[in-house]
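Only one chain is shown below, in C-alpha cells, and it's the form predicted alone.
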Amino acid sequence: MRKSILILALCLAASVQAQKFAGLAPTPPMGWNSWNKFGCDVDEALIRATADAMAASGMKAAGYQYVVIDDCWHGQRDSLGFIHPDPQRFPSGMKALADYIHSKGLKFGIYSDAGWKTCAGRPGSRGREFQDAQTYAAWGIDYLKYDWCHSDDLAAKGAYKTMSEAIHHAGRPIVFSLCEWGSNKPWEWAREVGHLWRTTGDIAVVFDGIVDHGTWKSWGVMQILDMQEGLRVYAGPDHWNDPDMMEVGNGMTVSEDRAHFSMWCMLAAPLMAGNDLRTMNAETRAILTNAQAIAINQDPLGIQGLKYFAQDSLEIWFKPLQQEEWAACFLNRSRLSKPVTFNWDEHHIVDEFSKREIDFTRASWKLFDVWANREMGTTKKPLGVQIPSHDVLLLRLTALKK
C-alpha cells in the first residue's frame, strides 16, 4: 500500500509542470506601474487617484488597463504565513483596493519576488508561492510582476515555473510578468511560464547613457534598445519580450519621450507607463495616448520590429502589420538634427522571421506620419526630411491599389 502511494505521489509530482493562463495577453499588456516615479512611496490614496486619472485622462480609452503596485506594499506574514499589506499604507486592504480599481473598468496588478525578500527588503515569496498565489486570487489580482532579488542559489527557470504553477492552481487568471532581468535568457524558456519577461536590467530616465549605482547599473533608453538585438524571434501573441517600463513624462525632452514611445511600439513591447498620471502635462498625455502609435504596438500579428539599417546615428526599423501594412521608424540617435533622404526604390525589405517583404520597385505605398497625424505622400518619390536630435519619424505604410 505504501509503495502504491509512493508511486502515485511520484507520478503526480512528475505531472506537475509550469502552466500559465493562456490567452490573457494576445497583444502587449498596457498599463501603469508605480516604481519608476514613486519607488517605495506608495499607498492606497496614490493608487486610487492613479486609477481615477487613468480613467479620466484618456489613458483607459487608449487601451491602458492595468494599475500595478510595485515593491513596498508588503506588511508582514501572519502566524500561518499569509502575507498582508502594510496596514499604515493600505489600511483598507488589497481586496477593497482591487474592488475600487475594478469599479473603474480597470485591472489590478501587484508585485512580489522569487527570493526570500523583495528588492526593497519586504517579504518575498520563496517557499510561500502557492500560499501567495491563493492570497492574490482572493484579493482579485489580475497581474503579477515577479522580481529576482535575494534569490541566492535559486535556479531561475525552476523558481518561475513554481510561481506559474501556483498561479494556475489558485484558479484566477493572472498575467504573469517575469522580472528576471534577462540574466538567465528567459526568452528561451519562459514562453510556457509567463506572458512577458524582462530582457534587461532596470531602465533609467536617460535617453542615451548608463547610471552607475555602484553595485548595479540602470540603462538609458538607447542602451536597452540595443540589448533587444536578436530577441524578436522569441516574441509574439501571449509571450512578449519586455524591455522594461516606460520613462515617458519623467524628465526627458518631448522629442526623447516621443522616440522612446515610438521604439517601444516598434518592439511590440508592453506599454507600462511609469509617470505620475495625476499631473502629466498635455505633451506627455499626447504621446502616451497616440492612437496610431498604439495601433502599431497592439497590431494583432504581434511581430516585433526589424532593424533594417544603422549608420551614423541613424536607424531605420520596419514592422510588419496586419492587412499587409507596415510601420517604418526613422530614429535619430544623434545630438544634432539630421537630414535624411531615403529613396524607396533602392530598397527591398525582406523579413525572414515573418516571411514578409516589400519590393518598392513593384508597388507603391501611401505614407502616414503618425506624430504629425497627416498623410505625407507616397513611396513614388524619395523621402526627404529633417529629423531633430533624439527624435523619430514614425510612418504607417499602406499599399496603393493598382
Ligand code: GLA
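Worth saying up front: this structure is predicted, and the values here are computed from it rather than measured. Don't overthink the numbering: it's just position in the shown sequence, from 1.
Below, we turn to the form predicted together with the named molecule, even though it does not appear here.
> In the model of the complex, is there a heavy atom of the named molecule that lies within 4.5 Å of any heavy atom of Met245, even though the partner is absent here?
Taking the distances in the model of the complex, the answer for Met245 is yes, it comes within 4.5 Å of the named molecule.
> Applying a 4.5 Å heavy atom distance criterion, does Ala269 contact the named molecule in the model of the complex?
Ala269: no contact with the named molecule in the model of the complex.
> Does Ala286 make contact with the named molecule in the model of the complex, using a 4.5 Å heavy atom cut-off?
Although the named molecule is absent here, Ala286 would stay clear of it in the model of the complex, with no heavy atoms inside 4.5 Å.
> Give a yes or no for Asp71: in the model of the complex, does one of its heavy atoms lie within 4.5 Å of a heavy atom belonging to the named molecule?
Asp71: contacts the named molecule in the model of the complex.
> Of these, Tyr64, Trp365, Trp344, Trp35, which has a heavy atom no more than 4.5 Å from the named molecule in the model of the complex?
None of the others qualify; the residue that does is Trp35.
> Among Ala295, Ala156, Val206, Ala120, which has at least one heavy atom within 4.5 Å of the named molecule in the model of the complex?
Exactly one residue meets the criterion: Ala120.
> Go through 271-279, 253-261, 227-235, 175-183 and give me the stretch that gets within 4.5 Å of the named molecule in the model of the complex, heavy atoms only.
Stretch with heavy atoms near the partner: 175-183.
> Check, residue by residue, if Tyr111, Arg198 and Asp202 all come within 4.5 Å of the named molecule in the model of the complex, counting heavy atoms only.
Yes, the whole candidate spot contacts the named molecule.
> Scan 139-160 and note down the residues that get a heavy atom within 4.5 Å of the named molecule in the model of the complex; none is a fine answer too.
Read in sequence order, the residues that approach the named molecule (within 4.5 Å, in the model of the complex) are Lys145, Asp147.
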